[in-house]
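In structure tokens, one chain follows: the form predicted alone.
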Amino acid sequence: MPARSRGSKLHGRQNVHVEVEPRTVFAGRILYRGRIIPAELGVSEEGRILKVAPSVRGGRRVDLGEALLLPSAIDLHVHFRDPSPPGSVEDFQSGTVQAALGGVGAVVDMPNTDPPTTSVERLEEKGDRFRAKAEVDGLLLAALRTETRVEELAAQGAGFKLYMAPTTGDLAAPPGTDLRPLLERVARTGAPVHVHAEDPRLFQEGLYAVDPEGWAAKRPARSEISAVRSLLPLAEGLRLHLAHATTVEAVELARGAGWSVEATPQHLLLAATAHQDARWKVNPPLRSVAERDALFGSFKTGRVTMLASDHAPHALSEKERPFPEAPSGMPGVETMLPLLLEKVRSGDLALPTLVAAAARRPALFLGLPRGHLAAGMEANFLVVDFRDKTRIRARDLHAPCGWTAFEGREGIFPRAHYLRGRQIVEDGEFVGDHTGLLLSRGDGAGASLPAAPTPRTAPRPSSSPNPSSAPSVPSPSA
């Protein structure tokens, strides 16, 4: 590896500093203090960013012109259905290819598989399956149940998923279960708990739902609020994360208690109507237009701290069953970031807000050295051109289920995607070669990273159109 040595006197002794030259230098534009500026990234052989500056010497040069370099997204909520019975609509290989094409470089997979991830043995078997198939990086959650071997699973996995109501896989705790002893054990481990917050006691069991509007009435917004409120007295010492929030009141309750919060594109962009079929059936349900708009407003201001897809595909034949019998869930890992990048392009969302929610905050939550283009971080980044609008069509996507609830909407898909400095997407096509790694939570999980160092000579802002008119990047604290 090319290197240069420089000597300096320190307390009468020779201090040798070895400066490693980058293997590759990527030249384009980056987001810096809320502005888009020209810059270069020097990346090491091991896939770490060595330097970000106006000009970086050494290595092979990749000139990306006026394209924007953004950190790869981290999706904290996917269901890749692996393991599942033969013939399942998804697995780790197909799911991680979709992630790569959608600009997601790491995923957190949920435990409600078949069989569910409820033991150390199943977690290890699932990890082996991931290593054998994955094209992007991943972490695995275990289900949190009363019989859970908390300490062993916390040491092996990335945390726990607590289902407070029935959903796919039926892992919810029985009604009336005292969760306090279980949560106290988790708190001692430091592992995070991702919460599916719905209180089934408030479900309208006598209501026969035949469309998403009826489904929202059957599993009302107040059930989410009640579930969050019920955990507040039990949360001391816990790292709690509210999954797929649908209401501002639940968001504010969770944030006030120090939780982190995620929202999905479906709850931010779609609303329940009487004219939709079971493709729009999800848990928790889509809400009204007013509730959706309020949630998007909360996301725009950073009160919703993270973006996640809740990618949960089902075969179209299953979704075509009568509404009450059809399963809940929709695909979304490939379209999550493109949909929100289009909101940036249209001026409805600030780019720094999106980058914080999709990349930087999830990286902080997991304690991973990524989510931010700075020296010392992994070189996981996207090449994005905001002029490349694409009409989303299921036939052009890569979900084996073959459908999307976002048919016909516009998105900004990454032109290229690099994982540890190696290209896995080129001109919108997957070109990776089994580069995914099974990760563990980092030692810094939940902590704040220092701000990126200021270059000695800050490049002048580009005179080209700037998709971000927002102020500086919001604080990364959850």
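Just so we're clear, the structure is a prediction, and the values are computed from it rather than from any experiment. Note that residue numbering follows the sequence shown and begins at 1.
Omitted from view is the form predicted together with a small molecule, to which the following refers.
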Inset, instruction - Mind telling me which stretch in 300-308, 147-155, 206-214, 75-83 gets its heavy atoms within 4.5 Å of the small molecule in the model of the complex? - result: 75-83
Legend entry - Residue (of H196, R287, K343, K126) lying close to the small molecule in the model of the complex, criterion heavy atoms within 4.5 Å: H196
Legend entry - Proximity to the small molecule in the model of the complex, single hit among S88, T118, Q276, S328 (heavy atom within 4.5 Å): S328
Legend entry - the small molecule contact in the model of the complex: R361, any heavy atom under 4.5 Å: no
Legend entry - Interface membership of Y163, the small molecule in the model of the complex, 4.5 Å heavy atom rule: yes
Legend entry - T404, heavy atom within 4.5 angstroms of the small molecule in the model of the complex: no
Inset, instruction - Give a yes/no on whether H241 approaches the small molecule to within 4.5 Å in the model of the complex, heavy atoms considered. - result: no
